[in-house]
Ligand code: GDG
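This document starts with one chain, in the form predicted alone, laid out as structure tokens.
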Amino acid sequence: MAGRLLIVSNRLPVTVAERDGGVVVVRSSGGLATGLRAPHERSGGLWLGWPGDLTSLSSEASSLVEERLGELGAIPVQLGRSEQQVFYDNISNSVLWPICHDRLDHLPLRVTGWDVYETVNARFADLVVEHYEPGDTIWVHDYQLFRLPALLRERLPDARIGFFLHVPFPNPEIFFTLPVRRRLVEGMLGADLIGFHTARYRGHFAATLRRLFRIERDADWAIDWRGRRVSIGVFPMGVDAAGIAERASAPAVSAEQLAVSTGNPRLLLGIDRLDYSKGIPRRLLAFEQLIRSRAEWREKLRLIQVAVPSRGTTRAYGKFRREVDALVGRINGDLGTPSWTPVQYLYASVPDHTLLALYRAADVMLVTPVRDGMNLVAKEFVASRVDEDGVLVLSEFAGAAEELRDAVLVNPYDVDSVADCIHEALVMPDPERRRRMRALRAQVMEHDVHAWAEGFLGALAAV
């Protein structure tokens, strides 16, 4: 890649916070930020996105934030509060997210705001064009910016543009419920390369092209679109596996792991954003079924469920949180004893060292979404298990299931079967546990987030 890399995502990979009377800008440590940091810095590139709501900051503080962002190679997209609410909450989270996760039941009865969605995508395009230099590579990320590649193509016809979708692309029957389906797909087709996590999502997209435009892909998974060749690829995203393994081996993590494990019953672990796609209620019911059907696990097993707060301003998420709270309360009330709380429920973000200690302490990790683009929690768990122990119970509807075949794969809709599989995971012989974990670790370590980024950018350069 000769020129710079311009990365465009809804949010910048930073957190802006007020501390001790001042303002600090902290670099994010998530999978996308970690994977793209090297090519971003190596190319002297830029990262463009929304920095968060800065309207409460003074003009002096705002200037300091922009200066710090500039030092990090980050360019802020300025959005008004009402504009961000419509674009992010009303359209991206309340319409596109449920569509991509097969949840038509979560769609609002009437959808307004597509004009704002288009306007915000155009605002991103303005900023990219302002900073673009000939020879730059542009990489656009995710469903909030479906329209951006086409808007860029209109103004930068010779630019090299990639687009990656981090969520599932749904079956056409579901996607076609969107009245703007054609414009969204036309937006994606402004890219030279469109990437998906799995072959299934790529197949859904190809079927959508066939039905919308009567376009057939060729043997190389490419199509001709308005005088250009557009490639469609599969690039399963990974995690910073080596970094996670190194941090998981730290003495502080080992000490916290020991504190979690010592003198306690066997441990099941779930760590998710509090989102209806993650399958938390069905997981809780499967745990309840296991305890009720197998008396040997009473007071011998506990579930720690960490639910990281998510999208609290969206109405559906407030209702979902109340449902989960009530379910946890009922299970603990029905099954608990003075000396045993079956479900330890944490509605909070947990620090990295605590997260790693929980991964290390878990006998069984439960990753059972009803639909997930990839699910990096499953891969983080595997990377953290430097002891080559522990069992991963994984939903077949997570993108990660395509790669992590040595996990115990389950159908999260079949609660009784999930309960049986958890039992099998708990009683799995030591040699079998270790054989599976070694195979999982080999997969996760080789196909990490850095390999994902290099693979996509290499394919984009070759288009």
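Just so it is clear, the structure is predicted and the values come from calculations on it, not from any experiment. Counting begins at 1, following the sequence as shown.
One more form of this protein, predicted together with this ligand, exists but is not displayed; see below.
Although the partner is absent from the chain shown here, none of 148, 176 and 186 has a heavy atom within 4.5 Å of this ligand in the predicted complex. From the list 103-111, 218-226, 347-355, 202-210, the contact stretch for this ligand in the predicted complex under a 4.5 Å heavy atom rule is 347-355. Although the partner is absent here, residue 192 sits far enough away that none of its heavy atoms falls within 4.5 Å of this ligand in the predicted complex. Using a 4.5 Å cutoff between non-hydrogen atoms, residue 380 counts as a contact of this ligand in the predicted complex. Remark: residue 88 does not count among the residues lining this ligand in the predicted complex, judged by a heavy atom distance of 4.5 Å or less. Using a 4.5 Å cutoff between non-hydrogen atoms, residue 273 counts as a contact of this ligand in the predicted complex. The partner is absent here; in the predicted complex, the one residue of 317, 132, 97, 297 having a heavy atom within 4.5 Å of this ligand is 97.
When you look in the predicted complex, the only residue of 79, 245, 284, 306 with a non-hydrogen atom within 4.5 Å of this ligand is 306. Of the residues in 189-208, only 197 comes within 4.5 Å of this ligand in the predicted complex through at least one heavy atom.
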